[in-house]
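First, one chain by itself in structure tokens, the form predicted alone.
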């Protein structure tokens, strides 16, 4: 029998209050073109001597992972699966700058060792003493969804009972300049670190259930419209950001639908980066848990959603080439 896949706990570090859901009660829209993440208090989570040797992204990833694990019913994850678009950029920049200054002499090996994309998953595994399945996906704006799909399929097939799934991206001031030139569709560039514990076990602490995860390459709007339906997809969370270059594909899709859904957004609160879809996942799970939707999250306040919130469908695209669809369902213990 196919197992079910539940979201047991989540934690985030972003431009909002870290390791907290306080943003939900007062979600203020971003105005700055570039905003760095608020650093979490790692006391009690990371040994100070180890924290001093970690870059910002590594501290954020470890903090969100341990917080999510502490808030879950899972003692040790069966798998650690991470998505990251750019990996450890801060250490990569420092290593390259040192190479320019000193050539191949007196280079710090720790900067090189902690600059690869899979450093994040590896470090979390070392700290948690987890010897299970460990993988990293780096596919630009669908890195998180790729990691989520891996965990979802393995849990559904019974290969693993639970997984720690994360998405982490840091944007240094230099990278922010590069991204503004290479990604003109971005409006507010930010940073993201999200960790979630997925499990096949039904417990009263579960936040929601993942019912579907799909990735599509160059889908036509008619195709996407054809797989959406009024019953399961009446509430859509879209990656719109107010920039026509980014939003036009979403508008084209909505025009093809045979029904009129309520539409939500999240990038006006959390901003843009390669891992921002993980914050859509986190925001949708929080909405299902709280059973309410903050007004700033509506794309169109004239189409406010009324009644019990049972399902949320998350749609994101990267360069209008790679699309992702995630369906979340409100969790009811002993529910069907």
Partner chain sequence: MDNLILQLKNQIIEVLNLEDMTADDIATDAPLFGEGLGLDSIDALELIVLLEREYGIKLSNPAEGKQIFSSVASIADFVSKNRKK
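None of the values given here were measured: they were computed from a predicted structure. Numbering follows the first chain given and starts at 1.
Below: the form predicted in complex with the partner chain, not depicted.
S.K.: Is residue 184 near the partner chain? Define near as a heavy atom within 4.5 Å, in the model of the complex.
M.R.: No, residue 184 is distant from the partner.
S.K.: Taking the partner chain as it sits in the model of the complex, is residue 110 near enough to touch it, meaning that at least one heavy atom pair lies within 4.5 angstroms?
M.R.: Yes, residue 110 lies within 4.5 Å of the partner chain in the model of the complex.
S.K.: At the 4.5 Å heavy atom threshold, is residue 308 in contact with the partner chain in the model of the complex?
M.R.: The answer is no: residue 308 has no heavy atom within 4.5 Å of the partner chain.
S.K.: How about residue 98 - does it come within 4.5 Å of the partner chain in the model of the complex, if we only consider non-hydrogen atoms?
M.R.: Answer yes; at least one heavy atom of residue 98 falls within 4.5 Å of the partner chain in the model of the complex.
S.K.: In the model of the complex, which of the stretches 299-307, 280-288, 50-58, 32-40 has residues with heavy atoms within 4.5 Å of the partner chain?
M.R.: Comparing against the partner chain in the model of the complex, the contact stretch is 50-58.
S.K.: Using a 4.5 Å cut on heavy atoms, which of 244, 105, 218, 260 is close to the partner chain in the model of the complex?
M.R.: Result of the distance check: 105.
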